[in-house]
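Alright, here's a single protein chain in two forms, structure 1 and structure 2, each given by itself as structure tokens.
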Structure 1
Amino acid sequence: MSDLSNAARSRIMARLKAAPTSVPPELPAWSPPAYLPDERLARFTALMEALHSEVYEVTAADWPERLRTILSNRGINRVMYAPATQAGRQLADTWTNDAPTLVAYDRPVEELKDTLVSGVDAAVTTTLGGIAETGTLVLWPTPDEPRLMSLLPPIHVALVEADSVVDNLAGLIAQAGWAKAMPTNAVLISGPSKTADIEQTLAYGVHGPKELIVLVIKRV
């Protein structure tokens, strides 16, 4: 480094050190939003639907049959699911018809890439919960149910337990105990994939699923 560069560097550092310190402004008083149980679920549903998602309330016993009917009515032929999860086992055990066909995510991703990209019409995943404040799903992908299942097929079907919908993200972090074990890949989803070009023309499905179907499972 030349003497000129050293001198310039020294002047800059001297000015920075001589600059007066400032006190950061006080944060305004703020409390996270909170909702009553019925309001919480209603807000979550309304915001998800406003963001171009379909939301159905189902029960723990009937959601596989409801899902089969929803997908059959859309002409869906092949649906991927995770057989190693509890929801996946229930889906396989109670699937009452061969149409649509269930496709198991039961092999390494290298062997299922073509299937994920072009071999299924939809994929079913569980969720960690939902956020009422923003109408958002929270996914915690695992090796049994990887992120690609909710990213590559044209339709993503998300299962969310009604009592796992919380007021806000801070509440979900506290409820899930993230202070002790942070997820390596938490995914927040607020509707199907969408993007807009410079003319502000909105398009769905460019960077992910073009449709999002949410089954809110109520325990009765």
Structure 2
Amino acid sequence: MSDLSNAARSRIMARLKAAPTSVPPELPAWSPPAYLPDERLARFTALMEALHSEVYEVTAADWPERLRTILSNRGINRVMYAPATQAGRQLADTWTNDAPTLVAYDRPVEELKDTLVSGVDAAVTTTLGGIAETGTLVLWPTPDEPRLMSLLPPIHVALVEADSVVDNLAGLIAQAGWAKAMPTNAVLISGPSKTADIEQTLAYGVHGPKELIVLVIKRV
């Protein structure tokens, strides 16, 4: 911190500490919505779809094949994936030659910037889970599955384990103990990138993905 900043800090803190004090109020009880186990996933799916996302039910075994079909039908040429994750390995192992080309996010962004900014059509990531209350994906990007994968390519494909969908964010933060170990970046995603800045008319893909494809992996 510079001298200037230090001096400013002293003066600001001195004023704040000299101000009259008040007793912090107690936090009143508040319970976020909860859902029955069998309606949780249905709600998550319905809300995701309402937020302009496509949701497919898949299995742990067949999702790469299902994904190939979905992407091929769209005429996708290049798909980014995370080669060091388990899902990435499964994808690469079962990929076929007639399918879109797989592009690995396997080096720092500085060496991959052009590819990320304009060289791929889609990217596949895993998720930490989903939130039924709002139709939301929870992502904790990792060194193996970096942040920009869910942001720069025009299509984001997200894998969600059906069992990992929870009722609400409050429960997730509390139960998983987020406060003890926050990652570099945690991100909640509810649909593709959108804007309503022009006459409140919704338009998708203004900066992030134009399309969000969610593959919900159900236990067989």
Partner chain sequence: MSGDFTKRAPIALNDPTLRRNFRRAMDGLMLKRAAQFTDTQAWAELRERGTAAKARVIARLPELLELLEAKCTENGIQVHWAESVAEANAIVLDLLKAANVKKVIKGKSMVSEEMELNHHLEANGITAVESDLGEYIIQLAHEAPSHIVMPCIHKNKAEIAQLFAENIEGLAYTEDVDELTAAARKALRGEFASADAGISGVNFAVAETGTLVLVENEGNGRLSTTLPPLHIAVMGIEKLAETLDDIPPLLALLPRSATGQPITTYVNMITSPRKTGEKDGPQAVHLVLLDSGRSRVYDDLELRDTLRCIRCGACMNHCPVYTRVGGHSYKFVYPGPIGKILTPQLEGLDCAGDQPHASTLCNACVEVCPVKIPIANLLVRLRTEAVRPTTSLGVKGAGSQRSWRETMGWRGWAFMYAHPVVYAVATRLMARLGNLIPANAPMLREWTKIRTKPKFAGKTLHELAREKGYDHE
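Owing to the predicted nature of the structure, the values given are computational and were not obtained by experimental measurement. C-alpha atoms forming the largest set that superposes within 1.5 Å between two forms make up the rigid core. Every residue number counts along structure 1's sequence, beginning with 1.
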Pick one: which structure is the form predicted together with the partner chain?
-> 2
Align both forms on the core first, then report whether residue 27 has a C-alpha shift of 2 Å or more between structure 1 and structure 2.
-> yes
Is residue 175 one of the residues whose C-alpha moves 2 Å or more between structure 1 and structure 2 after the core fit?
-> yes
Cα of residue 98 displaced 2 Å or more between structure 1 and structure 2, core superposed?
-> yes
Superposed on rigid core, residue 13 CA travels between structure 1 and structure 2 a distance in Å of 14.0
